[in-house]
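Next up is one chain by itself, shown in structure tokens, the form predicted alone.
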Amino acid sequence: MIRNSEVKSILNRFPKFGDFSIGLEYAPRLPKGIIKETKEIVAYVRKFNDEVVRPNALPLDRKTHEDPDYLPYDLMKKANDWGLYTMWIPKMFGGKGKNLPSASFAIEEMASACVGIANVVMVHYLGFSSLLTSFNMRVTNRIIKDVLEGEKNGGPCLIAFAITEPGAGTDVEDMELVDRGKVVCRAERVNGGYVINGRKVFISMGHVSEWTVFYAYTDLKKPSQAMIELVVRKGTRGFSLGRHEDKMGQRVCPASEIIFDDCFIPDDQVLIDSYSIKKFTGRSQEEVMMKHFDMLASSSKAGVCAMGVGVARGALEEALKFASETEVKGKLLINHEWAQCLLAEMYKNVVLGRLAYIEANNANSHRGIYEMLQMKPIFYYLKYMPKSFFKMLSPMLNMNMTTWAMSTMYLHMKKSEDVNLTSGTSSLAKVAGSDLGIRNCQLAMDLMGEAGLRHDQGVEKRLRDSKLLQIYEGSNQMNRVTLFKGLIAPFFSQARVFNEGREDGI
């Protein structure tokens, strides 16, 4: 017979119940309106898939092989006409204000037809998220007005996100690793702003975005203590676009090199620097940027998981279609037991991947960046108040008090255990979704044999597309370490993360 004291002793050695079953803890707090709204969004995106994505996915992939410099302006125009570039921008900024977790379901839906086109539409929200998690409400409000105007006049205004540098790779995506990378994007303080020199690489939609949020360093020798966040507009003097990468997959979504050559960024386009950190948070620059990065990654990695799930689902759909139309030894392939087991395995992978991004979104809604927007009173208030009301509130976003309040709430007061939970869960989802996407493509090709290698079947394209998911938003290797750091290491005092090669062994 186990005594209660022994049970408590065992439980104390493991994470709190909510830390590994977030959905169960969060469910009572979930506004029921989110469910209906999410279903409506999925139905809308399915229509977009039928009319735009599926008819263009394979033809555009062929076109990018014939013309590697192709840029997806036509796709951007269609997505803009459908209102997809403002769909998940909160109403306080003038957007449609759909609940942010629903974006993952929309991403899965689009990616089930073409993950490259899904990225053309949705990577814009990575740029928006980097603005939002700076909590610089004045600059964010200014740029979102351009996005809204772009939807109104039919000229898409997108936001790109630039962090990766030629000699640093994944190191720049974690504040504990950035000092090991060879960063080159230098920011020199001058009167009225910063002068930027350096390069960024592999920037999704860089060639076609109007604004680019990026990071630079005032001290290249100690970048973890000198990182700042800024935003630059296309056409700014000293800002130019370099090569357009000839990628293996997701070819319809350009990956760009951007170059800074004595590019002046005025103070009114600086999102986070040492001055604003001292003014609005009172914390160290390294600590603030670490929280900023964790919150940004926690929201974006759920989206990468959803892309992987979409790829996995698309591969399953192609395999099911093939199996229901192809005869082997006198009967349909779908009636062979080995094929049924393989298809069941693929279905299992889709469901598990979806649960992973749902759990990551629950963590963000319950104890992360979405928490305030998902509270029942605020959710319904934002949902049903007319747009005219939010237009009256818009001037408040330009006040220093608003930036101070948001910075205090998220960059100052957010607990480390909440950050660990959201960052660890999102890394878990990212690894799971991207790996399962690859796995289902491989299983589909196993089932289809030689037919799976044909471009018109779509599976080989999905396999090419899915490989990139294991690399961006931090490689899966790094995300496994982030998972360990956030969800496992806090409960083992002897655990050390990212300590290999350090002289102090810490």
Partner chain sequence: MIILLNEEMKSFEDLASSFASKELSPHREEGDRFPFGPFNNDILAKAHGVGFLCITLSEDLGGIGQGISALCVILECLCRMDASLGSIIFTSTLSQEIIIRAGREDVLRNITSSAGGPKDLLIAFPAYSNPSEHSSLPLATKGKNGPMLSGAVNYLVLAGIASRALIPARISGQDGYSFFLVDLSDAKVKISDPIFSLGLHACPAADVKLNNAEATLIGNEGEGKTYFEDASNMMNAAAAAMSLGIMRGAFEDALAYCNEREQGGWPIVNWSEMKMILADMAIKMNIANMAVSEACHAIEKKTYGWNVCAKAAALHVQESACHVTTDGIQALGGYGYMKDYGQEKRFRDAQQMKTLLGSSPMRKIEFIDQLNVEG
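Please read all numbers here as calculations on a predicted model, not as lab measurements. Residue numbers count along the first chain shown, from 1.
Keep in mind that the form predicted together with its partner chain is missing from the display, and what follows is about it.
Peer 1: Among the candidate residues Lys415, Arg237, Arg243, Lys387, which is the single one with a non-hydrogen atom no more than 4.5 Å from its partner chain in the predicted bound form?
Peer 2: Selected option: Arg243.
Peer 1: Name the single residue among Arg29, Lys39, Lys47, Arg62 that comes within 4.5 Å of its partner chain in the predicted bound form, judging by heavy atoms.
Peer 2: Only one option qualifies, and that one is Arg62.
Peer 1: With heavy atoms only and a cut-off of 4.5 Å, decide whether Ile34 touches its partner chain in the predicted bound form.
Peer 2: So Ile34 does not count as contacting its partner chain.
Peer 1: Any chance Lys383 has a heavy atom within 4.5 Å of its partner chain in the predicted bound form?
Peer 2: Close contact is absent here: in the predicted bound form, Lys383 is far from its partner chain, nothing within 4.5 Å, heavy atoms only.
Peer 1: Should Pro166 be counted as a contact of its partner chain in the predicted bound form, where contact means heavy atoms within 4.5 Å?
Peer 2: The answer is yes: Pro166 has a heavy atom within 4.5 Å of its partner chain.
Peer 1: Indicate whether its partner chain has at least one heavy atom within 4.5 Å of a heavy atom of Gly97 in the predicted bound form.
Peer 2: Although its partner chain is absent here, Gly97 would stay clear of it in the predicted bound form, with no heavy atoms inside 4.5 Å.
Peer 1: Partner absent here, but in the predicted bound form, which of 80-88, 249-257, 106-114, 269-277 has residues with a heavy atom within 4.5 Å of its partner chain?
Peer 2: Result for this chain: 249-257.
Peer 1: Judged by heavy atoms and a 4.5 Å cut-off, are Gln340, Lys348 and Leu428 together in contact with its partner chain in the predicted bound form?
Peer 2: Judged in the predicted bound form, none of Gln340, Lys348 and Leu428 sits within 4.5 Å of its partner chain.
Peer 1: Do any residues of 167-185 have a non-hydrogen atom within 4.5 angstroms of its partner chain in the predicted bound form? If so, which ones, in sequence order?
Peer 2: In sequence order, Gly167, Ala168, Gly169, Thr170, Asp171, Leu177, Arg180, Lys182 come within 4.5 Å of the partner.
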